[in-house]
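Presented as structure tokens, the chain that follows is alone, the form predicted alone.
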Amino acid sequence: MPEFIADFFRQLAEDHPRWNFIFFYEPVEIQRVLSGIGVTLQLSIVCLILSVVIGIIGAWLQGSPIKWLRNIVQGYIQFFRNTPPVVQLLFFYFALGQFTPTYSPDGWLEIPWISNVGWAIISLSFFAGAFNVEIFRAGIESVPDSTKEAAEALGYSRMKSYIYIILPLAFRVSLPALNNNLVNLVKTTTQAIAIAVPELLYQCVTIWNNYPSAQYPAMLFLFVFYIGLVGLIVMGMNRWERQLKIPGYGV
């Protein structure tokens, strides 16, 4: 942090004690906030990618001729759509986490192979993925039957038809709904605080617990950060949607 900025916020804290932006001039707190931003971005990016992959695979399995596969996908969707994400986080970390293999680097401390960050990524990816399955399913159903029949007539297998013809068209139709779900996923990453994942909300709560005068500034910083992060995602998705748009096709 440049010294003149640090001096400004230091002076602001002296003049207005309730507005102590300590994380802008105290090195330890600056590092705490930067660490929280890094974990938040890690959670958001990895979960976004994994949830889209889950959605694409799940939508394909929903059209499988094998009934038990379709039932598994439907059960997965119902489980993750009908339970709160914070409950899922607690279930994954405390229940399934009990069965996680551990390793001991020093012969004494047992460390699980999957950390709380890992469980947060798994839980949130499956949560958003369940909605993405339905989003992509709706997109697939919007592809005309004549297009699917033409692919079959050309000798495409079910998988090749899905990858090269159906999915590219369905993806364009699904983008608006997918945009909304991914934005919700980024905001939902804050719930990882329930299993002590050191993302930005966790770090800000730690700061204002240590320095009560920093509560309002920390809350303000959280709002501004998430407005900026979500705004960038929305702008990027909207631009991507315009680039993929086919005139006369889609919504």
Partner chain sequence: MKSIPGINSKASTDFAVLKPPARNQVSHWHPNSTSFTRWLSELSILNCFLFILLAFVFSSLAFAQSNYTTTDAVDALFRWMPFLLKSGFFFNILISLLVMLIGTLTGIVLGLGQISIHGWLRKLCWAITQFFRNSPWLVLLFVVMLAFPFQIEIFGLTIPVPDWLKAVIGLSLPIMANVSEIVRGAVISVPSGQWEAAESLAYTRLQTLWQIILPQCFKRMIPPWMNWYAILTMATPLVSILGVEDVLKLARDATEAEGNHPELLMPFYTFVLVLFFIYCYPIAKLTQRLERKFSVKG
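For clarity, every value in this text was computed on a predicted model and none was experimentally measured. Numbering follows the first chain given and starts at 1.
The same protein has a further form, the form predicted together with the partner chain, not shown here; the description that follows concerns it.
- Contact annotation for A128: none of its heavy atoms lies within 4.5 Å of the partner chain in the model of the complex.
- At the 4.5 Å threshold, heavy atoms of I114 stay clear of the partner chain in the model of the complex, well away from it.
- Although the partner is absent here, I227 is a contact residue: one of its heavy atoms lies within 4.5 angstroms of the partner chain in the model of the complex.
- Within this chain, M159 is remote from the site of the partner chain in the model of the complex, having no heavy atom within 4.5 Å.
- With the partner omitted from this view, the residue of I140, L175, I122, L90 that lies near the partner chain in the model of the complex is L90 [heavy atom within 4.5 Å].
- Checking A196, V205, L34, V53 for any heavy atom within 4.5 Å of the partner chain in the model of the complex turns up a single hit: V205.
- Site residues R81, P85 and Q191 are all in contact with the partner chain in the model of the complex, judged by any heavy atom within 4.5 Å.
- Contacts of stretch 68-83 with the partner chain in the model of the complex, defined by any heavy atom lying within 4.5 Å, are made by W68, R70, N71, I72, Q74, G75, Q78, F79, R81, N82, T83, listed in sequence order.
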